[in-house]
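Below, in structure tokens: the form predicted alone, a single chain.
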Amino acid sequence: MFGPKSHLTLRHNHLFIEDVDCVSLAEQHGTPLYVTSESRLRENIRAYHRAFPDAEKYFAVKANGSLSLLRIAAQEGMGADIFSPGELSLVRMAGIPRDKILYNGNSKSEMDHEMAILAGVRMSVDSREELEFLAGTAARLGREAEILFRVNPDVSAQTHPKIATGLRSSKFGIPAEQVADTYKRAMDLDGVRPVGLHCHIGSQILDTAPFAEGAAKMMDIAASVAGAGGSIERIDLGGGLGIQYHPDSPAPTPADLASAVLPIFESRCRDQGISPQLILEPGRSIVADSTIMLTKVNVVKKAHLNFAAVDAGFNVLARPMLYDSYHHVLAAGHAEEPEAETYTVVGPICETGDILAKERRLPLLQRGDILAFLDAGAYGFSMASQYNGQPRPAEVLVAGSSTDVIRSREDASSLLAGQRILPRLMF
């Protein structure tokens, strides 16, 4: 292991999460299996509260939509950044108050608008066209929607191109130079009330400099909006703080992020004579390292490479296939044994690209061994699929020595959900 992972320990050659043996978890609940440490999740949220005591923190639900984890976030005082009616339903069931929910997205349907308006949650408006349609829908429903404007700040964050969202070429947001005029237009429309600005520059960012640049550009835009007569009540700087997936890639902490952006935000607010509510949208940095994914070795095969074939593929953990992402791997039942062989860990999916970990040094493996993929809590289960007819795994929450299933393992019946055979095809 590496880094300060207080919830993971090595005991008697086994990996433990809090006070629970990971091998025993795999035996009891089967594999693949997602396992979350409640203490680590709460610890990560509280680190943000300490670093940003006056800001609202909205959990990015796309990172992990598990209802129990959302309930913990609600208990810890978090709001929610959501992208769909389904996520809206989840966060309301979890007890997150409507005044701490932001409905985001660049391609909202009429149903998205209606659901958000009727639920009384704020929306982040992504374009001038969306503004016009939203205002009409709100007026038709006899409601007024509070809105923020999603800004494209043209900030380059050093991250994977598929998760860089603040570039000028990104599909997200209104170009910075168009925001003041769009804000002014909203002030003249019935059905909407503009209350602030919103941006998000990317995900898995390991340098605080782009966040500082983004904050400065947002304050420039706030000044231009004020110059056009607009009132700024809220400024949402988004999320994107990365975590240490790889031993050689340390990540900044929430305190580091605060040191980079708060002086800019606070000084520019004083200069402009405004006092907007600061909002952040952490997702990955809240939940990623709280969770591991356990998988069982089915086959060890010596070929051109040494393959360890496991029962989890990119249907369970998609990030390595999508982004060539690194997840640290431990042999949960041989955790203190020396590295003895190099393995490429692959899954059961009928795709050559079903590779979870390339050429990793591990203890000698055999059929039945349990591997633990660390830092799997963000974009793990939330991206899982039933491809190749593979039901999705169970999720377990660990608190001290207690364990609870918070999502049951699917079985073959889940593959039939919503399907039917037409009568004319029965014969």
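Position 1 is the first residue in the sequence shown; the rest follow in order. Bear in mind that the values here come from a model prediction, so they are computed numbers and not experimental data.
Although it is not shown, the form predicted together with a small molecule is what the next lines describe.
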request  = Please run the contact check for residue 396 against the small molecule in the predicted complex: heavy atoms, 4.5 angstroms, yes or no?
outcome  = no
Practice item. Consider residue 113 of the chain shown here, and say whether it contacts the small molecule in the predicted complex, taking contact as heavy atoms within 4.5 Å. Key: no
Does residue 108 reach the small molecule in the predicted complex, with heavy atoms at most 4.5 Å apart?
no
query = Does the small molecule come within 4.5 Å of any heavy atom of residue 130 in the predicted complex?
reply = no
The one residue among 362, 384, 372, 60 placing a heavy atom within 4.5 Å of the small molecule in the predicted complex is 60
Contact with the small molecule in the predicted complex, heavy atom within 4.5 Å, among 173, 79, 282, 230 goes to 282
Only one of 317-325, 296-304, 337-345, 87-95 sits within 4.5 Å of the small molecule in the predicted complex by heavy atom distance, namely 317-325
Original post:
Is it the case that 198, 203 and 239 all touch the small molecule in the predicted complex, with a non-hydrogen atom of each within 4.5 angstroms?
Top reply: yes
